[in-house]
Structures are given as C-alpha cells and as structure tokens.
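First, one chain by itself: the form predicted on its own, in structure tokens.
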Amino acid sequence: MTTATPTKPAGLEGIIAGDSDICAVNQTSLIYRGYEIADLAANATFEEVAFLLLVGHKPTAAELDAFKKELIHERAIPDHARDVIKRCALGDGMHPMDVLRTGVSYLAQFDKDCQDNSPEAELRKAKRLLAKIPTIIGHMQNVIDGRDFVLPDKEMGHAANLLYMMTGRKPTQAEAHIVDVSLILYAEHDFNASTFTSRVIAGTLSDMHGCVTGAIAALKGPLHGGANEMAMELLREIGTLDNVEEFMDNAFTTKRKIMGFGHRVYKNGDHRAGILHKLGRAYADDKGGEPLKWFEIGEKVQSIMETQKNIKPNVDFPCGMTYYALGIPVPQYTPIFVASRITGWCAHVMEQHKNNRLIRPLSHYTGPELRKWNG
C-alpha cells in the first residue's frame, strides 16, 4: 500500500493556510477589509485604519472619536514597566526589538484581561497594546539618548505622539502625516511570517500578549521586518552618489543580497513602495542637504536594480530613506513597524480564536531509513 506524497514547496510558498476576511494581497492590489491601500493612504488616517482592522468596519465620526480617546487614555505605562524598559535598553548588545518584546511580555501580567480570550476582552487588549507600544518605543529611545522620559501628549494623534515621545520635539504636520501614512502601509499584510506566527500561537488558545510577543520575535529577523534597517545601512555603506555603480557591480559579482528589493508575493512591484517614496522624496526635496542626498543615492540603486536585474523595491526600501530623512534612529525602524502591524496581528489573533483549529502541518521526513538500535 502506498500513500500520496504531500506537497512540500520550500517556505510553504503558494500554500493556502486558511481563510481570512481581513486582508487580500495580490499582484494588482493590497486590500484591507475591502479598501485598497492607495485609497486608504490618500484618504484615511491610521486611527481609522486601525479601527477598520480591529473592529471590522469603517468607523463613524462618533466611533472614531471614542476610539481615539480610548487610545489616548491607554498610552501611559506603569512606572515599574518604565524601569524594566530602562534596564533592558541599557543592556549591552540589547536590540530594540528585544526591548520591545520584553516590554510587551512584561505588561501582560498587569492586564486584567490577559487570560480572557473572549472577543470583548481581546478588543480591549488590542487597543491597549496599540496605545502602549509607541510609549515603550519612545521611552526606550529616551534611555538610549540619555533623556528624561517624554510622556505621551494627549493632544497629538498616534503618529505625531510616536515621533514626539522618541525625540521630545513636536513634529510638523508634514512629518506626522508621513509617519501616519507609513503606519497605514505597514498595518496588515496577509499571512506573512510574523502574522502567521501569531496565528500559530493563537491556535493553541494562548493569550494575545503571548501571540504578539512571538510575532515581534518573528518580525525582528532581517528577512522580514528588519529589511528597512538593512536597506538604510546599505545606503550608508555606499556613502556617496559617485560610489553607487562600483558598489552595485561588486554586489552583483559577489552575489550580495540587496535588502529592500523583491517580494515573495509581489512579482511586479510592491503597491506600497511608490506611495511612501513619493511622500519621502517630497519631504527630502523640501529639506535638501542630507535627506535629499540619501534619496538620490537610493534612486540610483533602484534604477540599477530594475534595469540590470528587473527587481523592483518593496516598501522597506523607501521606508529606510524616509525615516532617515525624518531623523528617526535606524535601530527603531522595525519597532515602529510593530507600532503599525500590531493592528493586523491583533485582528488575526481575534479571527483565529473566533474560528479556531490547531495549526499543525506535516513535515517531509528526509532522515535515515528504519534501523535497529541494537542491530
């Protein structure tokens, strides 16, 4: 008797792992609950998109007002949590994503709803995590910079407050808008590595904080969330516009991976990349100097990649240049990704818990044939 060999594509590429009504990713569009990403980037705010993902529909004016007030109310974290963040941030070799992961895990024990997986409790937890993650990031950067903790500003929106807490400087309307749009673009993306991680954990009926902690660990990797950091580091390594061609020739010769280009799903280009590049370039044109320099270098790299390799940038490439132009420290790029993607993760955790089945794929055994221990 023989059994059929299961399909085993590397990295589960092309395998449909489940149903979801949250997001659709395809060659021609990126859709959040029926709304295309370019439409959302042009016409919505991040808070509206967060509500859409978490609650399931476009908010009314009254719902949005109440939602924003809830987030502002939940921004602060306890003093003892700040102490934990400070100790972690001062640790030798501690990556900001490790600090953030620890902060989220630590806050779990003080969330009264932590062990409650009911839809009502999960929505409350999702709002708290959405509100508090920028505070963890801000306090972490304050410690790194040797600055007193900057407390949340109740008059600012989500994106503006995130920038303010990191720097102690109130951002301009243009700066806040750029970050707001970037958060919209990063908010959700189907069954990507970190989201799938959160759903696997949720499938065991673990709690939301545990699912998010695992997702943060998955996002830390340079092949996933860390790509925007690596893209900017590559540009800094190039250094000047005159060095681009020689650098790229050497990179192709040595088969060096150029971060921020290509995508497992998008074969004809990432819909999000052009949106963020346009915003970032306009800001750089206005600022001139260093911000403009990095966009000029980046655009030359992009041209060479598209011309010689036919590989287009994904959203991480313009993100690296844009965040750098805004003065955001490179190590905080991926934590800011978390400040956005927390909405998608929580939406998927809630969806998994609502229609749960333990996620348990098979493996294809490639070890030795059957043998005897005492043979």
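Keep in mind the model is a prediction, meaning the values are calculated, not measured. From 1 onward, residues are counted along the sequence shown.
The same protein has a further form, the form predicted in complex with a small molecule, not shown here; the description that follows concerns it.
Among heavy atoms of H263, some come within 4.5 Å of the small molecule in the predicted bound form. By the criterion of a heavy atom within 4.5 Å, L90 is excluded from the residues contacting the small molecule in the predicted bound form. Contact annotation: F46 falls outside 4.5 Å of the small molecule in the predicted bound form, judged by heavy atom distances. Put simply, N314 is close to the small molecule in the predicted bound form: some heavy atom of it is within 4.5 Å. With the partner removed from view, the residue among K293, K257, R147, H177 that has a non-hydrogen atom within 4.5 Å of the small molecule in the predicted bound form turns out to be K257.
Only one of T167, Q302, T102, N192 comes within 4.5 Å of the small molecule in the predicted bound form through a heavy atom, and that residue is N192.
Of the candidate stretches 237-245, 149-157, 285-293, 221-229, only 221-229 contains residues with a heavy atom within 4.5 Å of the small molecule in the predicted bound form.
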